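What follows is one chain in C-alpha cells, specifically the form predicted on its own.
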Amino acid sequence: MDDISMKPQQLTITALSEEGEGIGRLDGMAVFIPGALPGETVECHLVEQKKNYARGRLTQILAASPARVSPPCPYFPECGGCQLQHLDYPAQLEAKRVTVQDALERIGGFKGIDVPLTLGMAEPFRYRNNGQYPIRKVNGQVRIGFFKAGSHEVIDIKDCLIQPEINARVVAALKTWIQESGVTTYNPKTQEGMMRHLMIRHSNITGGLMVVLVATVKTLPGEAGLIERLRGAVPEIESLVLNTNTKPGSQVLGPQSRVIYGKERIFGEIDGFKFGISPLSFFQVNTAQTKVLYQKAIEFADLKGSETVFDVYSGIGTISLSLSRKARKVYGIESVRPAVEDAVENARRAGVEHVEFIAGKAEDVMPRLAEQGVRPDVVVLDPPRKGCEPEVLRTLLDMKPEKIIYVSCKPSTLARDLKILCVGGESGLEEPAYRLAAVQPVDLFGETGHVEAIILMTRSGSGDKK
C-alpha cells in the first residue's frame, strides 16, 4: 500500500467501532473513518497508518445508508461528545448489538453467540444526569462546552441535547460571572489559571442540581457574588461545591471539595432505593436505563433467597441494594473508601442490614473472606472501562462461584476478560471454568458510540442451560 495516503480510497463500511467510527477494510486492513456508517460506500483520504490499522478522513459519501439522518445538534460533528447523531436511533441500537457481538467473536473467541437487540431508551436525548464541561478563555472570551473531536480545543456550547435543558442556564450564568469578574481560566499548557471545569449533577427525586466548580484554588475571589449570580439564574441549585484540582492532566476532579452553598449531597433513586450523591460519587449517567440494566442483572442472578452474593466494584452500593431483596447476604467490595462510606449510609437509610460493604481491592478482600469461610454463590462485576484486574479474575477462578454476572461499558475489555474465564487455554486450565450463558446489550449512552453490556456466566458442568 505505497503512497496510499496520497490518493482517495473507496471503501465499503461494514460496522462501527466502540467509539462510533465507521470501519471499512483496505487490503484486509481495518480503516476507521469518523462520520461513515455501516452499509455505506465512501471515499476517504488516509490520515494515519499503523501496522494493523489506519484512520481515514471522510471526503465523500458515494452511497448513503438509508438510516442516515440529519443531526439535530448544531455542534455535530465538530463536538466530540456525540458520534452517532447522523444515524437513526433503531439503527444505533443494531450497530451497538453488532459491536458487542464482534468483540465477543473477534477478541473473546466465542462463536455462534446469540446477541439480542440492544435495549433502547424511550427518548435518546436529554437523558444525562451528569455533565462535565471544560472551561477555557480564548482571545479574551470565556468558553464553556466540550472538546472538539480529536483535540483539547473547547467548543463553546450553549445547549447540549443529551443534557437537561436546565444545564444551559447554569452554563450561561457561570460564563457571564467569569467574564465580568475577571477570574482566570486554566491553561493546560502553562498550568496557570483558576477555573478548570464545571460539573452539573441532577436529582431525579427533587429535580434539583449539584453544581461543582473545579478550580486550582481552595477559595475563589468573589464567592458571595458567584453564589448570588448562580442561584438567581438557577434557583433549582441545591448544592454548590468548589472542588480543588491542582494536578496536570485530564482528570476532572481533585480529591478535596468544599460546599460553598447548600447541601453536601443530592439524592437519586434507582429501583426504589435512595442514594446520596456527592461530587466524587459514581452514579450511572442514565438513571432510567440503569433501572433496565439492574432488572436484567436481577433476572440473570435468579436468586432464591439463600445465596451469598459478592458485588465487586460496588461503588456506592446501587447494584448491591437491588440484589439484597432476594439474597441471604450481599458483600459489596470497593477500593474507593469515600464510595464505601456512601454505600454504608445508603444501606442504613434503606434499613437494609444484610449487606456489608468492605473497603479494599477485590483481589485482597475476596481471599480474606474465603479464609473466614465466606464463599459466594453469585459474583457481580461492574468494573471501569479498563476491565477487571487480572488478580480479580484469578481469584474468581479459585473461588468458583456458580454464577458470574459481568456489567461492562467497554465490549473489548469485556471480551478480553471473558476469554480468561470461559476459555481454558487463556486461564491455564485444561477445560473452560465458565461458559457464556447469556448476553444483553443495553443503551445507556444514546447518540454516542458507547454501549453497556451485561453477561451471565455459569460454572461449566453446573446449572441449567439458558
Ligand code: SAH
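Residue numbers here begin at 1 and follow the sequence given. Since the structure is predicted, the reported quantities are computational estimates derived from the model, not experimental observations.
As for the form predicted together with ligand SAH, it is not shown, yet the points below apply to it.
Stretch 353-361 is the answer when you ask which of 367-375, 80-88, 353-361, 302-310 has residues with heavy atoms within 4.5 Å of ligand SAH in the predicted bound form.
Contact with ligand SAH in the predicted bound form holds for all three of Gly315, Val336 and Pro384, each having a heavy atom within 4.5 Å.
At a distance threshold of 4.5 angstroms between non-hydrogen atoms, Gln284 is in contact with ligand SAH in the predicted bound form. Although the partner is absent here, Tyr186 is not a contact residue: none of its heavy atoms lies within 4.5 angstroms of ligand SAH in the predicted bound form.
Among residues of the shown chain, Val330 is not one whose heavy atoms approach ligand SAH to within 4.5 Å in the predicted bound form. At least one heavy atom of Tyr294 is located within 4.5 Å of ligand SAH in the predicted bound form.
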